[in-house]
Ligand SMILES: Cc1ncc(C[n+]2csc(CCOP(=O)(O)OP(=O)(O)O)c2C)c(N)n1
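Take a look at this single chain in structure tokens; it is the form predicted alone.
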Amino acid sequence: MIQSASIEGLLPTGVTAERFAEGFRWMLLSRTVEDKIAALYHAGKIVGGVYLGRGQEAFSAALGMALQQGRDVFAPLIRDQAGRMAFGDTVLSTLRTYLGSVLGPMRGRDGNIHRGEPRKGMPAMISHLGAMVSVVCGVLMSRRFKGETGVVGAASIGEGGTSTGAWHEAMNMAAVERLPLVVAVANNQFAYSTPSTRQFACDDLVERARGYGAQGISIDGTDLAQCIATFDAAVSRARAGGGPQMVVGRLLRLCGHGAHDDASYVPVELRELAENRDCLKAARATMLTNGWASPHELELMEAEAYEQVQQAVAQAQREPRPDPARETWMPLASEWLMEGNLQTA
């Protein structure tokens, strides 16, 4: 049982033990889902690439938790499984996409990482990663033209993606227009195999925020409590008219760029640094140290997450795949629009 009163002075303002535990559950579920996806990939059950968010779950989950489902817009990237689920995506939806089920959000027609549900405020991912910030800026401008207020748009990017022209153009536009944009920059230290020292010369990427006229903050991306407090505050400022916000999370990608990559280019000494710790293990230790969960309760959480994933895999594997002879191959946006018209009629 969580005792909120026992945490006075231990967590940032506004972060309760209950909220920390919620974040931990999303992190745990994300890690469990991705461990299963990696196993399916190596067993030849998944077509296409697999890219995992191991080590980035705290940073991702906190952003998804800060946003409002049904109101805000979130453009996650390939390592944002935790944030996707915190924003409303489900384990079954995820596994349907990876296993090519026709009942999944992409109808089994697209690569497993390009999934999205625009009707639910989650644009499908574009592999040219900097472009996602531009997409969110476009969505926010369209909402403004419609007279909608109080909407926040969030986009994820890695430190390597901040070197793209699309990212620079989008940040400049967001600052000039004072868009309610929150950009989460996961500085995982390697853009595929290219180290940060070959990506940018500034001491911290947060300096770029100041250059554009955006508000920026740099945090420990492995500290769940700090991530929650920071994203809650950034989203609130953006929603209140404070203009674009940029949050840089310092962390280490604890796996290769993709499941096909052994990350042998990451120096052993870098992996051993305390600041590059596993965020899930750190959050688990915090839960135990503060008495917010017992070892047995954590084991039950892990078992529950595992069973949830197993059931989703079993269901998705039983479902049909697209039949090329029967598909109309209508763009999903048009299909969704037609479904909406039919429902309205």
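Bear in mind that the values here come from a model prediction, so they are computed numbers and not experimental data. Numbers follow the displayed sequence, beginning with 1.
The form predicted in complex with the ligand is left out here; the points below concern that form.
J.: With a cut-off of 4.5 Å between heavy atoms, is L99 one of the residues that contacts the ligand in the model of the complex?
T.: Contact check for L99: no, nothing within 4.5 Å of the ligand in the model of the complex.
J.: Considering only heavy atoms, tell me if A229 and the ligand come within 4.5 Å of each other in the model of the complex.
T.: Output for A229 is no: heavy atoms all beyond 4.5 Å of the ligand.
J.: Against the ligand in the model of the complex, would R79 count as a contact residue? Criterion: heavy atoms within 4.5 Å.
T.: Flag for R79 set to yes.
J.: Consider G161 of the chain shown here, and say whether it contacts the ligand in the model of the complex, taking contact as heavy atoms within 4.5 Å.
T.: Although the ligand is absent here, G161 would touch it in the model of the complex, with heavy atoms inside 4.5 Å.
J.: Which one, V91, L129, V139, C255, lies within 4.5 Å of the ligand in the model of the complex by heavy atoms?
T.: Checked against the cut-off, the match is L129.
J.: Would you point out which of 82-90, 231-239, 188-196, 139-147 contains residues with a non-hydrogen atom within 4.5 Å of the ligand in the model of the complex?
T.: Among the listed stretches, the partner-contacting one is 188-196.
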